[in-house]
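Before any questions on binding or motion, here is one chain by itself as structure tokens, the form predicted alone.
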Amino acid sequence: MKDIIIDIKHQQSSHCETGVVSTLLRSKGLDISEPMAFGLSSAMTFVYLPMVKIGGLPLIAYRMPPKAIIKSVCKKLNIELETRKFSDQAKGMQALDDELAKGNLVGLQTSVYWLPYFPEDMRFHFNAHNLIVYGKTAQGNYLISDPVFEHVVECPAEDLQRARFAKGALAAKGLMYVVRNVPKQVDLTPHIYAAVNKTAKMMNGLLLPFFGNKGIRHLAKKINKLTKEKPKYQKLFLGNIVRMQEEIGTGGAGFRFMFASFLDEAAKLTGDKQLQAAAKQGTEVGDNWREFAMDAVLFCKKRKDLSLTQVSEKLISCADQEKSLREKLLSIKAA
């Protein structure tokens, strides 16, 4: 067997799924940046689900579920995307080899824990990491463009198989996806305004108090009530928020910054100053989320004389800012 190497322009990215979407589409000649992919998919959100536990602590998310970005972008831009899952691991690996033999880049959803090229301190049981396989060596190693890394990497076949079929929450079940065709030309302008409007509507949340702005305020109330809990649980709870906000994927503040970048790019594309003003406001929202995370860490480490009420109030200020940004976005109309 000879080496299979498919041409790819690797790009290190802020977030795995948006990075993979951008790389796959650019390889097909459609120049979609990572922030543009994120913004067009209206993926920015907030979810606080106290009834769903990970490691005994509630789930907090700052974006739509895994695969929502690539599916939404492809649907909106009329891009032909083929996705497959497998119950048989051998068939899943053979399907990957078959696509490579045809000269196709293949997107995969994997576990981070079983990818040996990740440093030990970055490996944890997270099953929704996205990467691109762009070839295979004669020795059987897969050639991978992983958005997390500056350079392309290699992975032995047995490790990649374990990563694709790891059990647990968000199990990928061998998920692979291939972009078959993209339109020759796409007018992004109408999609930009539609995505801005949809994101703004989603920012208010659903009827239940766990989503969007309502969810942020619900979590702030919970933080205030932690005074009734033991100090150890207070630290665990706040530490969990910071971990989910700052360490998993791009995190809460990071997604706000990426949305602001989308608005900035959209403003340049359309010449719309309203979008430019919203981009500035979006950056300020991200800054405030990062300050909230810092306050939570300072409380946990007792590095600053902060109370739980003050940490809660900082989170409420994030909700207030997002409400203001939402109103700004809703006021933006296409010229």
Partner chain sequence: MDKKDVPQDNSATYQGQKKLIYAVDESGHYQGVTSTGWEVESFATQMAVDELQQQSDEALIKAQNGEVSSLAYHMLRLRFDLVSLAQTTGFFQWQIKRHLTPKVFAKLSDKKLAIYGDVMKMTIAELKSLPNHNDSTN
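Predicted, not measured: the structure shown is a model, and the values here were computed from it. Numbering follows the first chain given and starts at 1.
Below, we turn to the form predicted together with the partner chain, even though it does not appear here.
Not displayed here, the partner chain is approached by M258 to within 4.5 Å at the level of heavy atoms in the predicted bound form. With a 4.5 Å cutoff on heavy atoms, L306 does not count as touching the partner chain in the predicted bound form; it lies far away. For the chain shown alone, D272 is not a contact residue for the partner chain in the predicted bound form, no non-hydrogen atom being within 4.5 angstroms. In the predicted bound form, the partner chain lies within 4.5 Å of some heavy atom of K235.
Proximity to the partner chain in the predicted bound form holds for none of P65, K85 and Y134, with the criterion being a heavy atom within 4.5 Å. The partner is absent here, but in the predicted bound form a heavy atom of R162, alone among R162, K198, H191, K173, sits within 4.5 Å of the partner chain. Of the residues L30, M294, A277, L59, just one reaches the partner chain in the predicted bound form with a heavy atom at 4.5 Å or closer; this is M294. Proximity to the partner chain in the predicted bound form, taken as heavy atoms within 4.5 Å, picks out 148-156 from the listed stretches 95-103, 215-223, 148-156, 175-183. With contact defined as any non-hydrogen atom lying within 4.5 angstroms of the partner chain in the predicted bound form, the contacting residues in 11-33 are Q12, S13, S14, given in sequence order.
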